[in-house]
Ligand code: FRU
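The chain that follows stands alone, in the form predicted on its own, written as structure tokens.
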Amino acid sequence: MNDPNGMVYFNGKYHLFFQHNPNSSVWGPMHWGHAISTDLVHWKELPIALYPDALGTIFSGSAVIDKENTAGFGENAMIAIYTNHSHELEKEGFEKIETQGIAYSLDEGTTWTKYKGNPVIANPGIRDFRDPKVFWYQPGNKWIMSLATKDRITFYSSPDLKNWMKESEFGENSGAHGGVWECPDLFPLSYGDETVWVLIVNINPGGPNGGSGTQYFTGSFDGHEFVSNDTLTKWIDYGPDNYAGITWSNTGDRKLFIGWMSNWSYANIVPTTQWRSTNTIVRELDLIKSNNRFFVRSVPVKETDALILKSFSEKNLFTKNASITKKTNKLTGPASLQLTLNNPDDFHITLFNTKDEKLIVGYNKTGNHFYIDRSLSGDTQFSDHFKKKIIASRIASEKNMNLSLLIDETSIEVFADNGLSLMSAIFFPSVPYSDLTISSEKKLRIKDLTLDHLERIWK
């Protein structure tokens, strides 16, 4: 699997579609896999939703609930908007290999019918022309589509999801341009009484630590064009393993995000066997303003709290070296570590196992950045890029900081300063990490420390 697609909430269920090759553990003919959840934590996989057809394989896209029956398929029809990619035309050297199509479901995503009039947007002569993300823009009484078009985003509008008109383009001279732009997402977030529009743009390569990455822009949208209010290049996640992330539709005031936890620099060669790839934990997004700039924060959804089995807490530690797992049970599955630190100098958190393999998460005060070092984490020989140290700038300006680590047996998600600086990374130890220490050359003042042992999502 790779990109999450078509995430939509309807009748108590969160739908997650995803790029899927059912016949191999490497990328191949793309289908839309399908899973559902009632709590954003436990997922049930359903049969494949969309198969390749005469127009091509099924690349990334989105899904909406057509509450007003604008498309004429039926009230509350679930409608998928996706890219068809023709490998046959690609082999023959044609540029117009990607078009946009739609399909609809009248039984909450169980069965799908492709629209006979596909493609709804033909290719204008752009090789990279994909990943439609659609939402209903109420002030203009129309659907808006964000489409990745080479090295920028093109916005289209439609009254009925079938007939589309080009509105504008954004990005030619904005943000990171180390690779092709993919998987956009445009949505509003509130900051007090102010509405700020956020445009997510995934890029490969050209991420903050090389390879794949997810940048975002803040600004305004008037139903016609997006205007950025900041020249700074900003990243949803500084880690190497959060790509193609977009948000759910039809979730009201909650803005929920999920990403594919891998990187195209090594996605097809990671040392796994029966299956390959996973997603990040679902995250909730909001806005913060710092130094007159808007930033997006991300935190794990509150539903993950239901996984807590037992907790160990301690307050007001003053130490250079603390072995957390000597005070509590060794790690035997997923866990969550939360720290609140008073004006810390350099420090690092080490996860290690009985094979002397270790993963290090730390903070460098001189460089004012967080980092992950997985050079000794286990199997790293499959990719030189995989061994590189991962750096995340600290955005917050407060002296004190908090850090939350979501630890699984082959992945870590680091949320610093209430989700203002993030890093997601995968790793491949020969045996799971069982111990955890916190170290610093100068004594650390740890105001609060909590280690939660978590229930496994998969039985």
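What you see is a predicted model, and the numbers here were worked out from it, not measured in a lab. All residue numbers refer to positions in the sequence shown, first residue = 1.
Keep in mind that the form predicted together with the named molecule is not shown, yet the notes after this line are about it.
Contact test in the model of the complex: W264 vs the named molecule, heavy atoms, 4.5 Å: W264 belongs to the contact set for the named molecule.
Close approach of S60 to the named molecule in the model of the complex, 4.5 Å, heavy atom: Because a heavy atom of S60 falls inside 4.5 Å of the named molecule in the model of the complex, the answer is yes.
Partner contact for S440 in the model of the complex: the named molecule, 4.5 angstroms, heavy atom: S440: no, not in contact with the named molecule in the model of the complex.
Close approach of W27 to the named molecule in the model of the complex, 4.5 Å, heavy atom: So W27 counts as contacting the named molecule.
Sole residue of R283, R374, K133, R130 within 4.5 Å of the named molecule in the model of the complex, by heavy atom: Exactly one listed residue reaches within 4.5 Å, namely R130.
Contact residue in the model of the complex, chosen from I153, I236, I102, C183 - any heavy atom within 4.5 Å of the named molecule: Comparing distances to the named molecule in the model of the complex, the residue within 4.5 Å is C183.
Region of this chain that lies against the named molecule in the model of the complex, out of 412-420, 426-434, 391-399, 52-60 [heavy atom, 4.5 Å]: Careful reading of the contacts points to 52-60.
Any residue of 1-39 that, in the model of the complex, places a heavy atom within 4.5 Å of the named molecule: Those in contact are N2, D3, Q19, W27, M30.
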